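This document opens with one chain alone, in C-alpha cells, the form predicted on its own.
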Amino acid sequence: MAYEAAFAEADPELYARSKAALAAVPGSLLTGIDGTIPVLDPATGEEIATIPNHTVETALEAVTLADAAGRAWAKTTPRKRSDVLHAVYAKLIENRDDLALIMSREMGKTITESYAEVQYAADYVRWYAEEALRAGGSYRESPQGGSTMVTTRGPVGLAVLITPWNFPMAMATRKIAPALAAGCGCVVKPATLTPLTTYLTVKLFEEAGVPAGLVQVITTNNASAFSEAVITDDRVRKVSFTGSTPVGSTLMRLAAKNIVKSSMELGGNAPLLVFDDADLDRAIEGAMLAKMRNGGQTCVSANRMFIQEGIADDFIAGFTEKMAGLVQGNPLNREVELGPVVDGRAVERLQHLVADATAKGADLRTGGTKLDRAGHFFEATVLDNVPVAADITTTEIFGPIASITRVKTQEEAIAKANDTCFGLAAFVFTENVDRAFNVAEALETGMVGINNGLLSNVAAPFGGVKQSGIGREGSSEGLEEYQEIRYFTMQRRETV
C-alpha cells in the first residue's frame, strides 16, 4: 500500500476525507450473493473496497421489490414525485464532497471533473423534478366530428437501467431521474469497475424521500446471466443501456422476447472537423475539450480529427503543445489535469493503437506510452497523418490519444467523417455560418457541436443514429422514454 501511505503523508486531510467517503458507501440490503467483487483504484491498482456479487435469484428478488414499489409510486401525483426529486437534488449537492472523492478514487477522473460530474448528475434530477409536472397530452376533436379524442402519458412500468463506468453518477441519474419522474420503479446495474458512486447515490435518493425498494442496485460479475434473466422477466417493461454496440445489440434481442421498450446509447466514432476559416485558438480549445474531457474516456470524444490543409500545421502545433503540457498524476490533486485510464486492459489497448498507427505510417507528435509509475497512466498522445488502414480509425479510442488526418476539401472531410457505422456525435469548427450549418446537416450523427467541444446538457436530447443507438436521454424526450401514450375517444350526442 505504498501509494496509500504516500497519499496519507502528502495530504493527510484529503486522504482522511477520501477514506471516510469510502466508508460511507452502504452495503447492499440484498443478501443473496456469490462472494464479492473487488473495486480497484486505477491510480494505484490497489483494492479500495469490495461489493456484493449478486446471484441471478437476488436480481429477480430486486425485480419483485422494485415492481411492487413502482406500482404504488405510479399512483402518486406528479407534484409528489416532483417534490421528492427536488429533495434528492438538495441531498446530492449536500453530499457533493463524498460523491466526488469516491468517484475520483474508483474511476480515476480528476477531482475537478468529479465535482463537475456531481453537479451535472444532480442537474438531471432537478430537470426531471420539473419535467414531472409537464407530462404531455392532448385534447382535440375528431376530424369527422361528433367525438372527442384525448391522449395521456403514463408510466411504462418497471425499468432496468444498465450504466457504464466512465460517468458513474451522471449516467445513473440520467436514467433514474426520468424513470421516477414518470412513475416507474427501477433496477440499476452499475459497472463493476465503478459501483461505489451508484451505491451512495441511491442511498442518498432514499434518504431524501424516495420510497424504499423503488430503486434497487444489483452488482454482478456475470452480466450476461443478469440480462438474460431480468430483461426477459414479464414484469420488466423498459430497458435503458449505455455501453458498447455489440452488447446493446444483444440486449435488444433479449428485449424483443417481450417487446420491451428500449433505449440504447451505444458506441461512437466522433469526427472533429476543422476548416481553414476556423478561429485557430477557438478550434484548439474546443478540440482539447472534445478530446480530453474525462481523459478521453467518453462516448462522444473526438475520435477522428480531420483538419483542412491550410490550417493544419498551425492547429497541430498548438494542439500538440497543449496536449504535451497537461499535468498528469494523482487525480485528487486539484492541479492535475489528466488522471489514469480505468484499468490495465485500457493501457494495453492504447499501446496497441499507437504501435499499429505508427507502424502503418502515422507520425507520433507527443506521448505514446504508459507512464513508468504505479497505476494505469497513459501519456496524452497526438498522432498526425494517420492512414485509413490504421486500427485507430475504426476503434473507439476511449483514452488520451488524438488521431489526426489532413484533408483538402469540405467534401472530403464530410465523406471521411461519415465513413463509419456509428453516428453519435460530431464537431465542426468554422467561422462561416453557412458552412457550419451545411456541414452539420450533412454529418450522419445525432448531435453536432459547432465551435463547441462540449455537447452534454441536461436540457438537450442526447443520443445517436446508425449503430450508435436508439432513443434519447435528457430534455423532455428523456421523460417520454419512460412513458406510454394512451388514447381515449368519447362519442357525443346532441343535447338541447
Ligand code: SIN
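On a predicted model such as this, the values are computed, not experimentally measured, just so you know. Residue numbers run from 1 along the displayed sequence.
Just so it is clear, the following notes concern the form predicted together with the named molecule, a form of the same protein that is not shown.
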**Request:** Have a look at 166 to 174, 181 to 189, 103 to 111, 319 to 327 and name the one stretch with heavy atoms inside 4.5 Å of the named molecule in the model of the complex.
**Result:** 166 to 174
**Prompt:** Which one of R365, R153, R293, R96 is close to the named molecule in the model of the complex, taking close to mean a heavy atom within 4.5 Å?
**Reply:** R293
**Item:** Of N451, S456, N53, Q467, the one that lies within 4.5 Å of the named molecule in the model of the complex (heavy atoms)
**Value:** S456
**Asked** Is Y115 one of the residues lying within 4.5 Å of the named molecule in the model of the complex, judged by heavy atom distances?
**Response** no
**Asked** Contact between V160 and the named molecule in the model of the complex at 4.5 Å, heavy atoms?
**Response** no
**Message:** Just checking whether C299 would be counted as a contact of the named molecule in the model of the complex - the rule being heavy atoms within 4.5 angstroms.
**Reply:** yes
**Asked** Taking heavy atoms only, is T242 within 4.5 angstroms of the named molecule in the model of the complex?
**Response** yes
**Prompt:** Check Y89, E131 and F205: does every one of them have a heavy atom within 4.5 Å of the named molecule in the model of the complex?
**Reply:** no
**Request:** For the stretch 409 to 445, return the residues whose heavy atoms include at least one within 4.5 Å of the named molecule in the model of the complex, in the order they occur.
**Result:** none
